[in-house]
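Starting off, we have a lone chain in the form predicted alone, written out as structure tokens.
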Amino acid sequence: MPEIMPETMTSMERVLTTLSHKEPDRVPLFLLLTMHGAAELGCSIEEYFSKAEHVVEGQLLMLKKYRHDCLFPFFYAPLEVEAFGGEVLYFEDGPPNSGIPIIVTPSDIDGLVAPVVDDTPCLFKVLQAIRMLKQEVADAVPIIGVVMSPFSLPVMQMGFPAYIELMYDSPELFAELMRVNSEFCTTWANAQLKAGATAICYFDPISSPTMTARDMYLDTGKMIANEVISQINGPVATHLASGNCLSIIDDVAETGSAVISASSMEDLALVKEACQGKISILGNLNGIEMRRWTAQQAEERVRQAIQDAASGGGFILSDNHGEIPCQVQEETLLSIAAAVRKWGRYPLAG
């Protein structure tokens, strides 16, 4: 059994070292927890996200409890649709979701205007939370901001079937929607960085080969990412939200992204081989299965992921989707954190 040694780096030092494809003191752990903060405060999910102060308190409590390596002031996926004037639906036991699409017919795209960040209350709350977290941790812990990619946001703006039809059948309206969304995405990302975020998570599930054929991705999602990421004033991680990554690793690296997420459906050792020295990996614990893990299963999944991908740095252990379900129990999260300290210490056990 490996000896558990004292940690010698801050979370920020640990993450920066691994992103340089060097081995830090141990494998960094990102527990991307959102709704768990409501349980920490004993309030509903809707009440929790109603105030920046709640999210800040929840994030700090979870950082202390699990001793992981990031703060994640991501509120909920439909936040950006809400900023465009859309509806948010809240649930007692799951993440908020978008309501009626804001783009009912393709012609509505012609009148679509990007929100002004500072004048949009739901966005301003997130910036408040980032500023408050920055005051608390300074540069000791990475603060991860989030944007939805211009290529993936339309799934919530207009619904999946209508968006796919637009992509293939209406190139001019598709281009206009990408223009508006790209303008907003860039501004929103840079506002979070200015508020104190360390890096931006660029959620782009539609670019995954699980969702879009690579040939189409190269002409759409990749070209959009090239343009947008080049205008973001800080490091970017591309997250495919459970989607596969293996066949587009080189493409994503070319966009300027420093990190790519790996799916739990993929062979992490193969992903590591393809990413070696080019781009770091975030992943790939299965958040859905995690709801049923025993402590022993949690330890084994962590040990295997570290064995497959952690050698030489370039690996951050996390879930595969970018948001851990609220049904995952505290005991499981504590087991994951303990297993990282047991098996993730460099030099790694053979």
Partner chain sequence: MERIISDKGVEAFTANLLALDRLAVDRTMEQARNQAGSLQVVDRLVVPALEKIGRGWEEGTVALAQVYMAGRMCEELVDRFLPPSSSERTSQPKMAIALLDDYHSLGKIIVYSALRASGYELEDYGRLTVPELVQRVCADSVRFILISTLMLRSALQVKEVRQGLEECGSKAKIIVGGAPFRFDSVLWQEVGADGMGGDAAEAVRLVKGYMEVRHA
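Positions refer to the first chain, counted from 1. Keep in mind that what you see is a predicted model, and the values were worked out from it rather than measured.
Missing here is the form predicted in complex with the partner chain; even so, the following discussion is about that form.
* So which stretch, 132-140, 206-214, 189-197, 67-75, is the one near the partner chain in the model of the complex (non-hydrogen atoms, 4.5 Å)? -> That would be 206-214.
* Proximity to the partner chain in the model of the complex, single hit among 85, 171, 121, 161 (heavy atom within 4.5 Å) -> That would be 161.
* To do: Please pick, from 181, 255, 280, 263, the one residue with any non-hydrogen atom lying within 4.5 angstroms of the partner chain in the model of the complex.
  => Partner contact (heavy atom, 4.5 Å) among the options: 263.
* Asked: Should residue 313 be counted as a contact of the partner chain in the model of the complex, where contact means heavy atoms within 4.5 Å?
  -> No, residue 313 sits far enough from the partner chain in the model of the complex that none of its heavy atoms falls within 4.5 Å.
* Asked: Going by a heavy atom distance of 4.5 Å, is residue 157 a contact of the partner chain in the model of the complex?
  -> Residue 157: no, not in contact with the partner chain in the model of the complex.
* Asked: Counting only non-hydrogen atoms and a 4.5 angstroms cut-off, does residue 98 reach the partner chain in the model of the complex?
  -> Residue-level check for residue 98: yes, a contact with the partner chain.
* **Residue contact check: residue 89 to the partner chain in the model of the complex, 4.5 Å heavy atom** => So residue 89 counts as contacting the partner chain.
* Heavy atoms within 4.5 Å of the partner chain in the model of the complex is the criterion; list the residues of 29-45 that meet it. => Not one residue comes within 4.5 Å of the partner.
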